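Only one chain is shown below, in structure tokens, and it's the form predicted on its own.
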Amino acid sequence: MALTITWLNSAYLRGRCCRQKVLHPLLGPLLSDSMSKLYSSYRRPGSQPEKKRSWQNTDFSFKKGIDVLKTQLSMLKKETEDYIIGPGGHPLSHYLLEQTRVLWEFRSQEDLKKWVISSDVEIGGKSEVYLKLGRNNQAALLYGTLNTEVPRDGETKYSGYCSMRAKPPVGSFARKKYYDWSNFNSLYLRVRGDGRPWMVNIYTDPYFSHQKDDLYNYFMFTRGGPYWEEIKIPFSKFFLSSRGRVQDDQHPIWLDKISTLGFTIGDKVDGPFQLEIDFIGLLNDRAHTEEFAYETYEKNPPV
């Protein structure tokens, strides 16, 4: 009897999992935000509780569901056409001979909407960060004020950072997409800063769940002054870190699984900052032959 009940329970759970896999692509764009709030019970000390339950913020409009379905089908059609043409929607000959590629440029508000800014305000800090178009709408201006004062919540030990990160690409029916940069070996930027150092962060797709906080970082030093500077950072220079700590086990970036890219300032110096970005691109520098700049250690070496 106990064995029969166990079989029935396993069959019921398997059926629920199958239904969830089928319905999630269709209802994901409508329910993703509400479901994430439903399962996040942590609230920082001093923050106000939500007045409405998470399910009350969900829009169950039938018309909106039809519109979302049409949008997702059009995206799927575009992805299929690009896949038939070649990698990234370009012919194979163009892909193999490509030397440079502009990933992001900032000429309109639509370009700014592809990015997200954040600061230590999320943990109770007092830093401020803003993003707007620069002069003549020819660049993005990231500016604000850094404040290293630690919030008095009894938990946070460090504070004072601001960041800017590109939104990860999303395919049709809320599928994850990734950038494939394997045809290039360097990151190429045109920026104008105020002399403060920045950290360039590259996020990749984690293979295991415990790797979700892994980042590849490298420093970007701005000169300051009125002149623009063009910065080339080889991908071989990026080092692996997790939760702000450099890892002992280093390995090169998986360039075919790039999720997004971002910039962070946290030099522990209170005061204003600004960074103008004209464009962010990729470069295939044939003169650069370095594969990885750091030592790699063999796991479980023979004694």
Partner chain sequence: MSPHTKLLASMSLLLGTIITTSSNHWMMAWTGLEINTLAIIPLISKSHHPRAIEATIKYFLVQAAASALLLFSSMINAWSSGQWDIPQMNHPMPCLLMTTAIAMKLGLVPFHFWFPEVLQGTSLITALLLSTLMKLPPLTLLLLTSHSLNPTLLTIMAISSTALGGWMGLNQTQTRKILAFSSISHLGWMTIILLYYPKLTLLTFYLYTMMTAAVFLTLNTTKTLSLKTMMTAWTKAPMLNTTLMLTLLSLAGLPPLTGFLPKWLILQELTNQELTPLATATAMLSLLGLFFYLRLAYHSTITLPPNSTTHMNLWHTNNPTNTIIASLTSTSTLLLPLSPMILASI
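Being a predicted model, the structure only gives us computed values, none of them experimental. Residue numbers count along the first chain shown, from 1.
The form predicted in complex with the partner chain is left out here; the points below concern that form.
Listed stretches are 97-105, 139-147, 218-226, 122-130; the contact stretch with the partner chain in the predicted complex is 97-105, by a heavy atom cutoff of 4.5 Å. Among Thr156, Ser118, Thr71, Gln211, the residue placing a heavy atom within 4.5 Å of the partner chain in the predicted complex is Gln211. Between the options Ile85, Leu76, Val170, Leu112, the residue in contact with the partner chain in the predicted complex by a heavy atom within 4.5 angstroms is Ile85. Interface residue remark: Lys237 is not counted as part of the site for the partner chain in the predicted complex, having no heavy atom within 4.5 Å. Using a 4.5 Å cutoff between non-hydrogen atoms, Asp256 counts as a contact of the partner chain in the predicted complex. Although the partner is absent here, His251 is a contact residue: one of its heavy atoms lies within 4.5 angstroms of the partner chain in the predicted complex. Residue contact check for Asn201: none of its heavy atoms lie within 4.5 Å of the partner chain in the predicted complex. The three marked residues, Gly195, Thr260 and Gln274, fail to reach the partner chain in the predicted complex, with no heavy atom of any inside 4.5 Å.
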